[in-house]
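Structure 1 and structure 2 below are two forms of the same protein chain, each written out on its own as structure tokens.
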Structure 1
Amino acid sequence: MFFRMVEKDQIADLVRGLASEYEVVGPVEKQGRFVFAPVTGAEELRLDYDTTLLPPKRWFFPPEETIMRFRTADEEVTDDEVFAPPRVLFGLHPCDINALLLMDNVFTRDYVDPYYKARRDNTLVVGVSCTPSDTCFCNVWDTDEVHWGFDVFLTDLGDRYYASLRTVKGAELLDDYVKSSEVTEEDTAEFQRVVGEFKQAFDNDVDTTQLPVLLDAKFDSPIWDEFGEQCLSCGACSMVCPTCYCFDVTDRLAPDQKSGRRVRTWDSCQFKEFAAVAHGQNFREGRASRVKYRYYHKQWGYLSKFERVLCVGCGRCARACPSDISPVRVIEALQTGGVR
């Protein structure tokens, strides 16, 4: 990787330059919280944000999208083109970039998903360093660092950014729009100091020892009934999760019934009908079985396929859950045998 130093006051130029070629999406403030939204200038960006309400996955995998248009008379697809405008996601934290890498495993490997892939290909990612908030636990999964999946990553050194250039495109952007300078040994030493402080700032301590074994060995543990009792099956955890990729597909007919759209929407394994089949059998009828499945899949099912857990410790689910169910609580219950 190559590195450059960028003065903070150059960010305005960078965003202005990017906006001339791309749609720029970044963290903006909304009623005291933060969301990713299109911006026209750096003054709208809040690069000091803690976390956003919704993860950036919607820019690759929208909550609802038409995957094809059809004609009913002859069952022909009339259009399945993907709308993927050139876009920059500006200011993603390491957890969210890591989440994209986990999504990439699902959508860009076997049976490439053309919709996700087109947007991923047409989107540049500019990452920015962060400070841990009280619900963050990315340190637990080593997702507090990210080394690929972005074009440029900006580590905040106070009045300057230590910019890691991962791709040719990323390097070109800096060349084109900002004055950057060579990285000195002192700069790298400062980078190390800042990153070291960041690592020290996490105060949670989650014991993930032998988690896959515990998930199997304690599959019938009463802790799941307790979490099942608390869970409202609202699915908020899935919607705010940067790594939840499950979806539903429905057909919507035009009023004339002759044509229509096949639409996919975000879905959640916490919804009652999620695992139901046609003639009434539901493989995860009870809430306990659904809560358990979510964690089982994230911490073991996905791991068994892609060698990473399907969680980046962003803490959004912990914030969103009306019953305060969180990965930290669930893992602790698995370790201790009791729900706290």
Structure 2
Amino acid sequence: MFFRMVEKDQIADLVRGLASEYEVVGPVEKQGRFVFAPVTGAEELRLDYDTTLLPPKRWFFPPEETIMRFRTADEEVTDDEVFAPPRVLFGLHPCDINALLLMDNVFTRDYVDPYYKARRDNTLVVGVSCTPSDTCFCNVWDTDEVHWGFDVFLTDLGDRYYASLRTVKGAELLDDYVKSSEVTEEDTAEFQRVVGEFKQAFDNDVDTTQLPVLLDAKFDSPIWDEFGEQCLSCGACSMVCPTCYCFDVTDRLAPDQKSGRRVRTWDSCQFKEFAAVAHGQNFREGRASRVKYRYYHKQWGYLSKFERVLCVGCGRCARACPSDISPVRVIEALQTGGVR
């Protein structure tokens, strides 16, 4: 990895150049909140955003996609072509880049998902530094910084960006579209100062050092029943989570009953039907068991396989939950022995 300095007024040239070759997707404001959406110019980007409503995973793993089509009359089956245009995701925060790395473990490691991988291979990532919001706790999981998984990462130094170039393609983008300059010792010192201030800005000090042991000890705790009483099983936490990857597959027949398509859609372990099987059995019929499963999967099950927890501390679930259930609140309840 190497580094360059980029003046802020060069970002417009960078976005304009990228848009000539790629679909550029970045954070834009929508009714006072922020979403990732296609843009054509830098004036549409809001690189000072806090957190988007939905994570960038939807550009690799859509909420709904057709994976094949069929005809019942002649039993013809046709795989649907993956829509994976050349794309740049511009303005991802460190937590969301780390989330994509966790998703890569699921979709490209042991069993390769061709739909996810095609989009991942055709997408460049430009990250940008951020300021912690009141629901952020990425510092807890060390996802407040990122060292790979991007092509270019821009750290805001006021009137300039300190550009970290991770890939050859990232370096080529800067060479092609902007006038960058060499990094001086003063630039590096300013970069270190800004990063230091960023890390001091977090006011979340939840202790997760012994969390796997704590989860083992609290498996049968009545705390799960208390959270189950509060949970509405709406699945909002899963829908906004950058690392939830569960999906359902259904066949949808056309009105003439002669053709149809197989569709993959996002699913949630908080839905009552999620663990329903044949003969009316449901392995997690109660809300308490579903809430507990979600946390044991993210903080214990994934950890046991990939040595990382399946959470990046973005705080989206805390914002979305109508019952104020969040990882920080759950962990604190397990540590103190009571729900506050």
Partner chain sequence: MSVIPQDAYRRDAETNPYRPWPARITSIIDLTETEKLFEFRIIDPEIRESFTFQSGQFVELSIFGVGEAPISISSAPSKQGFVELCVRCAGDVTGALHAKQCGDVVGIRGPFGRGFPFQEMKGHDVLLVAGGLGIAPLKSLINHIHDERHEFGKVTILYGAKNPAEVLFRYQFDMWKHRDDFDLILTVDEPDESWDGERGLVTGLFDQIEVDPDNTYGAICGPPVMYKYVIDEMRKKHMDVDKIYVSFERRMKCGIGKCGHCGVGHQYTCVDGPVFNYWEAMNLQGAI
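All residue numbers here follow the sequence of structure 1, with the first residue given the number 1. What we label the rigid core is the largest C-alpha set whose atoms superpose within 1.5 Å from one form to the other. Just so it is clear, the structure is predicted and the values come from calculations on it, not from any experiment.
Q. Where's the form predicted in complex with the partner chain, in 1 or in 2?
A. Structure 1.
Q. After fitting the rigid core, is the C-alpha of Leu232 off by 2 Å or more between structure 1 and structure 2?
A. Shift at Leu232: below 2 Å after core fit.
Q.
For Phe274, does the CA position differ by 2 Å or more between structure 1 and structure 2 when the superposition is done on the rigid core?
A. After core superposition, the C-alpha of Phe274 moves less than 2 Å between structure 1 and structure 2.
Q) Comparing between structure 1 and structure 2 on the rigid core, is the C-alpha shift at Ala254 2 Å or larger? A) Where the cores coincide, Ala254 still shows a C-alpha shift between structure 1 and structure 2 that is 2 Å or more.
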